[in-house]
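In what follows, one protein chain appears twice in different forms, each by itself as structure tokens: structure 1 and structure 2.
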Structure 1
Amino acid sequence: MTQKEYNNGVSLWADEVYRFAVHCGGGEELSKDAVQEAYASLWECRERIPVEKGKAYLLTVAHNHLMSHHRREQVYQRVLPQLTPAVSVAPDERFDLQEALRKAMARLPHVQQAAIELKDVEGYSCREIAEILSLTEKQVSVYLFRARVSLKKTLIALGYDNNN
């Protein structure tokens, strides 16, 4: 990959990589860090990465950066238990479906969130998702199935069902 191809990749892919990072649960600042980390890594490996693999490489690095961050957070939570009480939602309370879906997505493991985001929001194929997340296609299919089942159960528990 040449410098010109790298610069084109920055303008073409930055928004998609950022959107993906946000949907993976990165938040604004963490997502910006993940995008920056991904492009820095791409620059360092530019001689080995073909242009057609550039976007997949960026998404993979951003995903791995976010997963490392989330793993560190889990360790901190075990070491320093949080003292805030759990918030429960009464079953008869109704709120916006989009908000309910966001809350349901937040309960999924990060790999399932990433798979759903890439498949249903970004429109990638299972083969492309497998390459981005360093999984097999069968694993991607399993994660998608489990995520959808979990989302359905959570939404039904929050008062949304097929009849609404």
Structure 2
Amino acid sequence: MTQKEYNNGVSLWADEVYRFAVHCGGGEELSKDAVQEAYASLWECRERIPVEKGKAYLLTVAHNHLMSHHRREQVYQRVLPQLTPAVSVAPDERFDLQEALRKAMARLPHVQQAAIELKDVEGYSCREIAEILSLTEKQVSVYLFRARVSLKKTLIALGYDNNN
């Protein structure tokens, strides 16, 4: 990857990597850090990373950054479900499926969030997701299954049904 290709990669992928980090529970500051680290790592390794692998590499580094942060915050993570306010939507409020999904996503384990984000938003296959998240393909399938079942349970608890 040349310097020009790297700079093109900033224009093309920075928003997507940042969005991925935000949706995986990064928050604004942590997501910015993740993007910075991802691009810094890509710049360091640009000579051995082909352009077509650039985005996947960025997502991998960003995800690893988020995971290491979450591991450091393990104590906080243990009490997170208690601190996270219950997802609720007022009965008379128009049900916004995507907003509810995002709120429900926040309650998923980070690896499931990342798998769903990469599958639904980034459009990666299970094999590619496995490569990015350093998992096996079977593990990705299981995480996706668990994530979707959890999301559906949360949405039903919120009053969502398929007819909405």
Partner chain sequence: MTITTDNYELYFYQYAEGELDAAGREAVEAFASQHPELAEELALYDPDLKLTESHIPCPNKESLLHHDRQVLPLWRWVAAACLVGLLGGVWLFWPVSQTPQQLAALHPAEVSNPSTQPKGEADTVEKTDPSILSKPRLAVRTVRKVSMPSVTEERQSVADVAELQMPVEDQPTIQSEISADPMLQSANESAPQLLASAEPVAVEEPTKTLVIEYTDIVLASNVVVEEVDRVEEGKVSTRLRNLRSRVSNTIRDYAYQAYAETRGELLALADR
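Note that the coordinates shown come from a computational prediction; the quantities given were computed from them, not determined experimentally. For clarity, a rigid core is taken as the largest C-alpha set superposing within 1.5 Å between two forms. For numbering, take structure 1's sequence and count from 1.
Exercise. Is the form predicted in complex with the partner chain structure 1 or structure 2?
Worked result: Answer is structure 2, the other one does not fit.
Problem set entry | Core-aligned CA displacement of residue 49 at least 2 Å between structure 1 and structure 2 | For residue 49, whose C-alpha is compared between structure 1 and structure 2 after core superposition, the shift is less than 2 Å.
Exercise. Fitting the rigid core first, would the Cα of residue 153 be found 2 Å or more away between structure 1 and structure 2?
Worked result: It does, since the residue 153 C-alpha is displaced 2 Å or more between structure 1 and structure 2 after the core fit.
Exercise. With the core lined up, does the C-alpha of residue 32 move 2 Å or more between structure 1 and structure 2?
Worked result: Residue 32: C-alpha displaced by less than 2 Å between structure 1 and structure 2.
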